[in-house]
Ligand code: ADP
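The data below hold one chain only, encoded as structure tokens and taken in the form predicted alone.
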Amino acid sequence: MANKMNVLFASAEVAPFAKVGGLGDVSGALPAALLENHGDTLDIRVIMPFHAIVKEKGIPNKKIGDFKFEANSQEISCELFVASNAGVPVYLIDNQDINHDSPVYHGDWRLDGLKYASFSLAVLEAARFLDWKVDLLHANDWHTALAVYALRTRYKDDPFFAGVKTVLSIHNLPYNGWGSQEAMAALGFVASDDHDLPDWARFTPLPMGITKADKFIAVSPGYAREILTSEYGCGIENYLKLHADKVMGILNGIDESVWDPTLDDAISHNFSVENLEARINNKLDLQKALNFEADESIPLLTIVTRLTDQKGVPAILEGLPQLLGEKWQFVLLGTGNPDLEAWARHLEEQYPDRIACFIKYDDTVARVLYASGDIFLMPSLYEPCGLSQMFAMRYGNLPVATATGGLADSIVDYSTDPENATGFLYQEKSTNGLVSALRLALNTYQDKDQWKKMQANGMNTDFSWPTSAEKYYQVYQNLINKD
């Protein structure tokens, strides 16, 4: 027991306790995969805020105790609870800035800043309260980046934290915590003295954490390369290039036991790569339910997404009317920008026999679309990792996607390698780029042997978490053993 690596994994959201996006999926699945693979050498524990939604869910937990700490002459009182997720202890912290009926993210930078700046300090003080000597702190995004920063500034001479190594995962670089300055100042944080950073970034949470992390890990190798460029670097690309030896990318995984078309009870007909014929019945059922023509030869296009410009939704809504001469049907699931929601509804009204829109998020509908569609659209302008393309491929739904970030890392392009292809990638991030790629996909769909081979390739691709977790484990080992 004494020689185990002690890793504290800090995140704003952790599935199934609280999930807003991909960060929640990762924070729920990665520690569990690490524990399962390396429980004999690794003691990994997760820590998150005790959000209102976690309380509402009534997830079983036990109170450990109360602790206090000072921040800029303020006394902050915290309560600490523990729950469990797949055998991983999950600590839940409550304090004056967390304990109210608020969402995971307010959208109000003053309140979010207070919540997460306070939480970042409480993460470290909780370890002290538990008297649990941490070997490595793994923080995620701006919400916990200040824990890394505080460790190297406020706590740098504290013997309890001597020798702690740090990893900071970057799930989405544009979300850097800007607007938290008032909260940070109130809690006694001071700006970074690292002159490699631009002035604005020296008192912004994510760049501050990046300056102090031993390693920063983007959620795909492609995104790790992209954030070194002016197009994706969000103003700190020069800093990242100067410290490129600390930058790496590890592709996120998915829980293949949860996303399994042979067992998924949300779909009407289970199927496998050996029994793809059964899959067609899902499509026929959906076509009938939507009053579309029920015909397996008509390609069914699907998308499950947030309706935002970043996800390339305008390219879809502009592009589909340009393809009215082709055979296809289209189903959209998602919410987001009200203008894009209205545009999608307008197209549905114009072409009710071939376009259907579900302006909401619904996990059951999402699974039905993954299992019924032939072509899955992901025209993202950037995509740090992306999970939807992995879910789609797992269910035999071939993605048409921009060649960016994790999309390029996870999809084998038909034009480049037809033998091993799992989808269609295109370079030009525009309506024209999407339309051209979609024409190629619609044409390829007519070659049933090729299509089935690509479906099998996609369904057989290993996107499981143990594969990705092994890479994180090596990073932990290398950092902890470096001295």
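Small disclaimer: the values here were computed from a predicted structure and weren't measured. Throughout, we count residues from 1 along the sequence that is shown.
Although not depicted, the form predicted together with the named molecule is the subject of the following passage.
Location of the named molecule contact in the model of the complex, chosen stretch of 274-282, 384-392, 77-85, 152-160 [non-hydrogen atom, 4.5 Å]: Result of the contact check: 384-392.
Distance check, D363 to the named molecule in the model of the complex, heavy atom within 4.5 Å: Yes, contact at 4.5 Å.
The named molecule contact in the model of the complex: K471, any heavy atom under 4.5 Å: No, K471 stays farther than 4.5 Å from the named molecule in the model of the complex.
Distance check, Y116 to the named molecule in the model of the complex, heavy atom within 4.5 Å: No, Y116 stays farther than 4.5 Å from the named molecule in the model of the complex.
Touches the named molecule in the model of the complex: L23 (any heavy atom, 4.5 Å): L23 belongs to the contact set for the named molecule.
Single option in V304, A201, V90, L340 placed near the named molecule in the model of the complex, where near means a heavy atom within 4.5 Å: None of the others qualify; the residue that does is V304.
Proximity to the named molecule in the model of the complex, single hit among P299, G334, P399, P314 (heavy atom within 4.5 Å): Here the answer is residue option G334.
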